[in-house]
Structures are given as C-alpha cells and as structure tokens.
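For reference, the chain that follows is the form predicted alone, supplied as structure tokens.
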C-alpha cells in the first residue's frame, strides 16, 4: 500500500539534513531525520486543518488527548490518565526541563544522545557518566559503573535514561528495566525516560515496555518523554509530550516550563492525533523497510576490515566502531569519501560514527558502495 522505496528529493528544500552538505557530493546519513514522506493520513489531516485558514494559538483538543491515551493502551497496555500529560514542543525541551526541575546532579549512560550530555551543564547541574559495556557483541548497562558514578556525586537526583537506546540500538528488556527501577528506588532518583524511539522496535521477538509501567514506584518517580516525530517522520511539526503520573513531580515540571516553553505547534497536535489513530499500517510498512535496510547494512559492515557494528534491535540508527582504522578525525575522513555521519565524540565516544539508515534502499546501497571504497582507501588516505 505504501511505496517506501522512493523518497522526495530534499536537496533543494529547507532540509537541515540535506542542506548541511549543499553543493557537495556527500550523502547525508547523520541527523535522526528519515527521508520518507509522512504517512498519507497525517498529510491529509494537516491539509484539512490548513483549509480552516485561521492559524491562531491552538490548545490540545479532547480528541488529541484521547488519541494518545488510546495509543498507549493499545500499543503497550499502559493505561494513563489525561491529567498526566504535559505537552511539549519537542522532546529535547523535556530533557532540559527535567534537568532544571530535578534539583540536583544528573547521571546517565554513555554513549548517548548528545542533549543528555548538554542539558545538565546548561542547567548548572553536575553530570556523572557511567559507560555502557559491549560484551560478546551485545551492549549492556554496567551496573557497577552506575553505582560508582552515583557514589562520586551523592547529590544526584535524576537519571537520564534512553529507552530504546540512541545510539547503540538496544531495546531494554524487563529484567534490565527492573534493575534500573530498583537502583532508582534505592537512591531516591527521578528517572527521565526518553522513549521517542519506542515504536521503532525492529526485532520481531522484542517489545517495548515503558519504564513507568513496571510498577507503582517506577511510575511515581518517572518522567516519560514521547513523540510521534521519529516514527512518523514529522519532527518539523514540533509536538511531543511528557507522561508524569506523580502530581508533585508534574507540578514542579510545569513550573519550570512556565514562561519559557512555547505552546505546541497546532499542526503538530493534528498530526499527532492522525499518526496515533490512523497510521499503524504505514508504521508496519516502515518497519519492514527499516529491517531490510538494517540487514543490508549489517551484511556489508561484516565484510569490512576495521569496522564493526552490533545488532540494532530498535531505531533506524547504526553505531559503527571505526577505531581500528586509526583515523584522527573519522567524520572528516568519511566526508572526504562522500559520506556524512554523526560524530561519535558528540555522544561521548570518540572513534565511533552514527549512520542513519532511514532512507530509500537505493540511497543506502549507494552509501554502502562508498563505504566499501572508503575503507579500501584508508591505508593510502591522509589522516585528516
């Protein structure tokens, strides 16, 4: 029903992703922005709202709230109350608000989505990092490292948790989540769980479990951040939300937002409702395309010397270890070979790059040819 093999030409558009390399023969595979057109039902809903012609200040409508509640119950068997919702113009905004409202230091795993590292500092909060570990090709939380990091800063109040994980692509399982919940309870931590990629689980044998759904205590200490933006490729419509069951925690969060955080884009609200109500068949088609892209990428990388990647369980982002290539500046080198990746150093892991495979299969195949050639050229290329 949906053609996800061809994508609109974004080269001459207002795309940040493609504009970064305007006029240069570099394929943009960096920022987490897919090249697929938004679902037809979303585009129809936005067109219908535009036809109204008055674009004044908008507020969430009951049907939009109901769409979120029904979606969370249908997808995750998670029954929430309408008053738990706090609408946001973006998930990164929610990360910053969580840091400012926590009232103490922040702990997170690395590598991790760069705003996790920037937001605490911009909120004048101490940041402690606990590296993830890769054992036998499988990324895991290092529980000893988390405990040790907390001891270094006993004033820590907030755990920033990426679930599913960007960039390593883990879909955390129940036993892992239960350990995090116990850890947070023992140390009286708020858990801000970034679950923006929750609808992008690629492995058929895995399912996303919201952190707050574990038990009553996890719910009471949680701020869950979600958005339709990644799954349905509508980040430009600026719509996200936090689910905060605890009244005191929610009120504190809202107070920090007051006077600083703008209202949600009215088209974002319309798109959110349409995405959650009417686009499950499109999402399934997207997942099938992403699985095929992931598998082709993994098969290619497995044949390349000096490059490796672990299995991607969720998201459309691959985390490539290029340390064995001994490149002084991996991103600059790959750009010289026509490939635009995200810099692992921004995620807290120099020597790695992140590749976005949320694109047309033809473009990915083109990128894989360039990647193969880039690796062949490493031995003769200057160490940029």
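Fair warning: this is a prediction, and the values are worked out from it, not measured in the lab. Numbering follows the first chain given and starts at 1.
What follows is about the form predicted in complex with a small molecule, which we do not show.
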**One stretch from 174 to 182, 191 to 199, 144 to 152, 287 to 295 that, in the model of the complex, holds residues within 4.5 Å of the small molecule by heavy atom** = 191 to 199
**Item:** Option touching the small molecule, based on a heavy atom within 4.5 Å in the model of the complex, out of 230, 250, 283, 157
**Value:** 230
**Request:** Consider the chain as shown here, without its partner, and state which of 90, 245, 210, 105 has a heavy atom within 4.5 Å of the small molecule in the model of the complex.
**Result:** 90
**Asked** So in the model of the complex, does residue 166 come within 4.5 Å of the small molecule, heavy atom to heavy atom?
**Response** yes
**Message:** Considering non-hydrogen atoms and a 4.5 Å limit, does the small molecule approach residue 162 in the model of the complex?
**Reply:** yes
**Prompt:** Using 4.5 Å between non-hydrogen atoms, is residue 325 touching the small molecule in the model of the complex?
**Reply:** no
**Message:** Within 4.5 Å, heavy atoms only: does residue 349 come near the small molecule in the model of the complex?
**Reply:** no
